[in-house]
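One chain comes next, on its own, written out as structure tokens in the form predicted alone.
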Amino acid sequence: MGKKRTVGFSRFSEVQTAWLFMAPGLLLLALFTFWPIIFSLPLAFTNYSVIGETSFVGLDNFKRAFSDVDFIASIKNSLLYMIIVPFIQIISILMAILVNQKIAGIKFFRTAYYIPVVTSMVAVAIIWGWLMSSNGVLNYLLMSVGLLDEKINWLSDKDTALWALMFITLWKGLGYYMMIYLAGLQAVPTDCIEAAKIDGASNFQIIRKIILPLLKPYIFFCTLISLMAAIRVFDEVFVLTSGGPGNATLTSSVYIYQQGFEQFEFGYSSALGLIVSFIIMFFSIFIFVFNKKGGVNPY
């Protein structure tokens, strides 16, 4: 009897301790994530602008959104941004396989690849803004090997600006996904790989028939979060181009920010946010269904 009370009290204490540790994080999550979402729902049906009178406008904000040329352009750019998702996954997996080797100095390479992830976006913007300027190193290198005839200001040219931003996003995110895949690779049983090598399997066959199937949960997770990140990309676009030139790099998140915090049309901005949330939800459900049906079959 006494033993049962001790066990029960111990389990009760563990639960209380767990809630105690989670409480600060849950409080911040509720304050900065759930509360703004809940607050924006009714706001999307009003003309709230801080300084004027607020009134209920029904679906007017949504009707305006679908006839707003700038918003439609921002959605197109956000959807185009999803092109980097497969590239970032494939390159991250290859990098994870490379840094999973047991060779001298491998920790240096793991750290080096992860540095862009923790580097401030402002610092990244300054560096890449200089590299991609007309007189930057990128033009010099491409012209010296004959791949470019004349200088290009990559971030100011409407034909190259969005692709340049995609490349920066790809460069900055590779280390993050590489670490997730590296964790997955280290959970792969070495017995399977050794047995495959004894049977004469090549490195390519081992990757295709053993590693990729075992990494499937990680591929699903990374694809999902990178897809959502691509649609709502903000930092690099806002810091480097602010959506310009014209609307060439205007993404949905930047346009929502501009409507809310530059034009002070918070009601309209909330409606735009809801539309983008539904788009993200649509693609998320698609990935869940695709994964449930088997996903990419490596065989």
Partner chain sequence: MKNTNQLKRIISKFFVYVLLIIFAIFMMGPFLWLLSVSLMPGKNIFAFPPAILPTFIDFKNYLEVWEYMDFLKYIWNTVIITFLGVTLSLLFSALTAYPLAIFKFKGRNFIFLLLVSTMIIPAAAGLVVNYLTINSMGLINTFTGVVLPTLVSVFNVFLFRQAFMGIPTDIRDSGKMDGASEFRIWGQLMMPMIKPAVAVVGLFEFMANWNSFLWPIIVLNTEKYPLASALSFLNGQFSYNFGWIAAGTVISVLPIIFVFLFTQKYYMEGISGAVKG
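Please read these numbers as outputs of a predicted model, since none were measured by experiment. Residue numbers count along the first chain shown, from 1.
The following text describes the form predicted together with the partner chain, which does not appear among the structures shown.
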Quick check on this chain: which one of 196, 75, 227, 95 has a heavy atom within 4.5 Å of the partner chain in the predicted bound form? 95
Only one of 81, 71, 128, 154 comes within 4.5 Å of the partner chain in the predicted bound form by heavy atoms, so just point that one out. 128
4.5 Å heavy atom contact, residue 101 and the partner chain in the predicted bound form: yes
How about residue 133 - does it come within 4.5 Å of the partner chain in the predicted bound form, if we only consider non-hydrogen atoms? yes
Contact between residue 216 and the partner chain in the predicted bound form at 4.5 Å, heavy atoms? no
Residue 246: touches the partner chain in the predicted bound form, heavy atom cutoff 4.5 angstroms: no
Can you pick the stretch from 133-141, 81-89, 207-215, 156-164 whose heavy atoms fall within 4.5 Å of the partner chain in the predicted bound form? 133-141
Which residues within 14-35 place at least one heavy atom within 4.5 Å of the partner chain in the predicted bound form? 14, 15, 17, 18, 19, 21, 22, 24, 25, 26, 28, 29, 31, 32, 33, 34, 35
